[in-house]
Ligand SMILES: O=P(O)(O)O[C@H]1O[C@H](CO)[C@@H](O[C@H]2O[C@H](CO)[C@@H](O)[C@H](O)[C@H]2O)[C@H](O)[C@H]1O
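A lone chain, given as structure tokens: the form predicted alone.
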Amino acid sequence: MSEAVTRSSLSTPPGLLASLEPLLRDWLPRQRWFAGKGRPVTGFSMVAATALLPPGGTRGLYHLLVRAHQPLTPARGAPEQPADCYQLLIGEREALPPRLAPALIGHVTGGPLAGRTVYDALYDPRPCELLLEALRTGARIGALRFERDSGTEIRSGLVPRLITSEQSNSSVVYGDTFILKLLRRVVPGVNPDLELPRALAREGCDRVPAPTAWMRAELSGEPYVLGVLQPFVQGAADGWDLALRGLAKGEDFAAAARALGRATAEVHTALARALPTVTLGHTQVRQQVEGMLERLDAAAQAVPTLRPYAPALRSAFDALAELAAEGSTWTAQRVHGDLHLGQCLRSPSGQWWLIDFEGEPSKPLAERRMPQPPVRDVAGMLRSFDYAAHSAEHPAPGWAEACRAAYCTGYAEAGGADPRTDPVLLRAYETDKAIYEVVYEARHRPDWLPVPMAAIRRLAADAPPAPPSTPVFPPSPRRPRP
């Protein structure tokens, strides 16, 4: 390994963040993985800085953990939210070669890097090689810890390439052998994107690529997971692309959906063996339903199109609460948390793999690690079939319904419980997911709003007639009624 990686630490120049700040204010909000879009960045604070190449040479390389401070709203004087922490790998050179033009952050005009050009170093093969070498050798550099599974060989010399398609994180493929996922928005604590695949590997579950190595930091006594290296499934296609391809050709996707249902159930079964499960009784379900109702109220306030359907949607949650009040219970366990077609890969041999166990990044880490009914993942996948059907250039009547049915059938074959046999629970979670989608599309992709609204209309139409009795959870006077 190079001297730059084996040294325990390299000094970073004083004033490094101040030198970069004017450029980061413009560059960071334009990145796909930046979570605070729509709100100005008011400043930055350094969490940790580690030099991976010696400053002052022909090129420099810095690993930074930086907090971006933003107001709650763009209004002047608004209170600030807790600042998000971002992982950056910043390279600096005198000038960028043309091949690195897409990586440009900007030209520094002041501070210790004045006169230098800085860029996103993940576009540069040499920094990516340094990361793999650090993982291969279990290096420690400043606060950074590179660790690995001793049972898997990591060869040196694998050629890196950055995946440039839009992602909520960044991924580098090494020689079609490994893929390194670098988390961009990081939080302290046990990250499920490492925790759950490792637990599944211990159970011998072959539906999830087992972590080969990982990168973390210890800061003020708290662990931060920064990246995970896993085997690269060569030649695999993600479920979203496969579904759209099949729709474009008019091909049946039900067999693939059925196999994906089996894969999902196998992962759920292994997670239930590997990690504790809990029973959700009346109190726990009441808390879940209260959260669903609050999200419905907030969504109806934010998206007026949703308001006419709110009473019927509310009945889905009230029905679940009524079952719990009558004594019904459900088992909750660790689940994927953000399952959809884009989180699934199918190898050329036809095997399905589930990936990206980070959960919904917008939610707090503690919430993402809470046990949930497995039907939450099922509901996410059922909604994904709807999205695929509505994304096709030519409508395919019945396609989504056939895939949804096949997926549930496959799930029952491998897991022993058909999600459709608990229609109240399934409807509540699918309704909650569709409400989330309505808010997301209204804010970020208004042209896509008709997709979840079609589901909203269907779910509202499925509502049973309203009983004359008082609902289990009457609307709170402090929550705006739709």
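Counting begins at 1, following the sequence as shown. By rigid core we mean the largest C-alpha set that fits within 1.5 Å across both forms. Since this is a predicted model, take the numbers as computed values, not measurements.
The same protein also has a form predicted together with the named molecule, omitted here; what follows describes it.
Each of His340, Pro361 and Gly380 places at least one heavy atom within 4.5 Å of the named molecule in the model of the complex. Interface residue among Trp27, Phe44, Phe34, Tyr440 relative to the named molecule in the model of the complex, by the heavy atom within 4.5 Å criterion: Tyr440. For the residues Ser168, Ser328, Thr117, Thr409, the 4.5 Å heavy atom test against the named molecule in the model of the complex is passed only by Ser168.
Remark: Arg420 does not count among the residues lining the named molecule in the model of the complex, judged by a heavy atom distance of 4.5 Å or less.
Using a 4.5 Å cutoff between non-hydrogen atoms, Ser384 counts as a contact of the named molecule in the model of the complex. The named molecule is not drawn, but in the model of the complex it has a heavy atom within 4.5 Å of Arg445.
Within this chain, Asp124 is remote from the site of the named molecule in the model of the complex, having no heavy atom within 4.5 Å. Partner proximity in the model of the complex, defined as non-hydrogen atoms within 4.5 angstroms of the named molecule, places exactly one of 384-392, 294-302, 102-110, 257-265 at the interface: 384-392. Put the two forms on the same core and the Cα of Val438 is off by 2 Å or more between the shown form and the other one.
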